[in-house]
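The data below hold one chain only, encoded as structure tokens and taken in the form predicted on its own.
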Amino acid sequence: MAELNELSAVEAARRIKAGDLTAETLMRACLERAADRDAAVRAWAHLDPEQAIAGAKAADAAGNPGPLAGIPVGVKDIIDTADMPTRHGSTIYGLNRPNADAAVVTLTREQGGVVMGKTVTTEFAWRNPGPTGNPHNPAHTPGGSSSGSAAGVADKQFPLAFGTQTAGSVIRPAAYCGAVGFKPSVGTHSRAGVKELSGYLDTVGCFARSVEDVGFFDAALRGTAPSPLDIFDGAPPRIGVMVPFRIEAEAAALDMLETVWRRAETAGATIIDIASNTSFEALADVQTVVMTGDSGRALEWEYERHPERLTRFYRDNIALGLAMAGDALAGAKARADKARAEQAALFEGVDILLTLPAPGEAPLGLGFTGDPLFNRVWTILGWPCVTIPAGSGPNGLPLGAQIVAPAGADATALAAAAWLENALS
């Protein structure tokens, strides 16, 4: 029988609503797991057990309203919380206490969720990593920038968590840690109260341990009922297999992807090979230009006021972004806007694309959170992406499969991911 901290979010909410479980009991189970595992995983930027228990007790006293019904939620530490510090992974913000919750945190609380604590992020959700280790082997990175959220969910310390993605910061750590990660269509959830890196690219997403749970959480934030996940049960999806930057992928990842599409084909899916090309892959360079230009402007205050607290990478790249001409940055965004319209043609004849979320397993060491190359193009296009666990590599670490759908077709992405999740199980 599963421990309480291992319950899915949907099952936990059902049991709480039925009166078979309290939010306090669930929170205490999650806190116990967090205490047992903190020395190895170090998912937390801020965790006050008494505060977390008080939040759960308050939820119970209120009758656990809303779909989230007292469920613990981890919040990435670039997302403002009025009752907890928000440090952005930086010593510059060591004493920072926001005056208000971010919009998505407000929604979480309104829908009945309980903020358990703040999860580790790379500094400013960019490059400089925090202390979090991969829950499957803490000597390996969990990925970034949403390091603590991905690792903590995968380690069963909490069932739901927020992440953000500007390049690959939801999808890649989910793949490395063996969690389910969902990056919805760009602009889906408000970024008010979320530390900006690129207003054009930044997207609020989430983590869970099943597609059903990420769909459940995402729907609660939208204020809607969860989208049906069984739309492909009678007619399996048409899947386009596309692997940009194939030469950069590890053999184990490519083997895993072939296993996934072959199992999907056996389960009835139509499989179509879609070749990549240099013009499509060049969009990764456009993403880099946009991210560099926007981040220079977004972090100008930190660069001007606290340069001594910034690593050389940040100083150099913020300066590069600030030096970028406004018309060059605008031109890159115009090129991306054009690509968002033109590249939609990839979905003619297929429902979703199946691709890699990362080059392979999580790299050894905590100084580098991995290469976002396999995420950059999908992020600049703004399309919804889901990654699901799909096997393991030669070191026994998770490998994931990434599902991509057209802009706005978030429900299709989730339904196809759920169908594939079932086919792989």
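Because the structure is predicted, anything quoted here is derived from the model rather than measured. Sequential numbering from 1, following the sequence displayed.
Beyond what is shown, the protein has a form predicted in complex with a further copy of the same chain; the following relates to that form.
Enquirer: Where does a further copy of the same chain sit in the predicted complex: which of 106-114, 343-351, 164-172, 274-282, heavy atoms within 4.5 Å?
Expert: Heavy atoms within 4.5 Å of a further copy of the same chain in the predicted complex occur in 274-282.
Enquirer: Does at least one non-hydrogen atom of S190 fall within 4.5 angstroms of a further copy of the same chain in the predicted complex?
Expert: Close contact is absent here: in the predicted complex, S190 is far from a further copy of the same chain, nothing within 4.5 Å, heavy atoms only.
Enquirer: Does a further copy of the same chain get within 4.5 angstroms of any non-hydrogen atom of L373 in the predicted complex?
Expert: It does: once a further copy of the same chain is placed as it appears in the predicted complex, L373 has a heavy atom within 4.5 Å of it.
Enquirer: Answer yes if any heavy atom of R315 is within 4.5 Å of a heavy atom of a further copy of the same chain in the predicted complex; otherwise answer no.
Expert: Answer yes; at least one heavy atom of R315 falls within 4.5 Å of a further copy of the same chain in the predicted complex.
Enquirer: Could you tell me if T259 has a non-hydrogen atom within 4.5 Å of a further copy of the same chain in the predicted complex?
Expert: No, T259 is distant from the partner.
Enquirer: Answer with one of I231, M324, A267, A252: the residue that has a non-hydrogen atom within 4.5 Å of a further copy of the same chain in the predicted complex.
Expert: After the contact test, the surviving option is M324.
Enquirer: Quick one: of L320, A139, L95, A334, which gets a non-hydrogen atom within 4.5 angstroms of a further copy of the same chain in the predicted complex?
Expert: Going through each option in turn, the one that passes is L320.
Enquirer: Is it true that N5, S8 and W44, all three, sit within 4.5 Å of a further copy of the same chain in the predicted complex, judged by heavy atoms?
Expert: Per the other structure, none of N5, S8 and W44 touch a further copy of the same chain.
Enquirer: What residues in 290-306 sit within 4.5 Å of a further copy of the same chain in the predicted complex, counting heavy atoms only?
Expert: Those in contact are T292, Y303.
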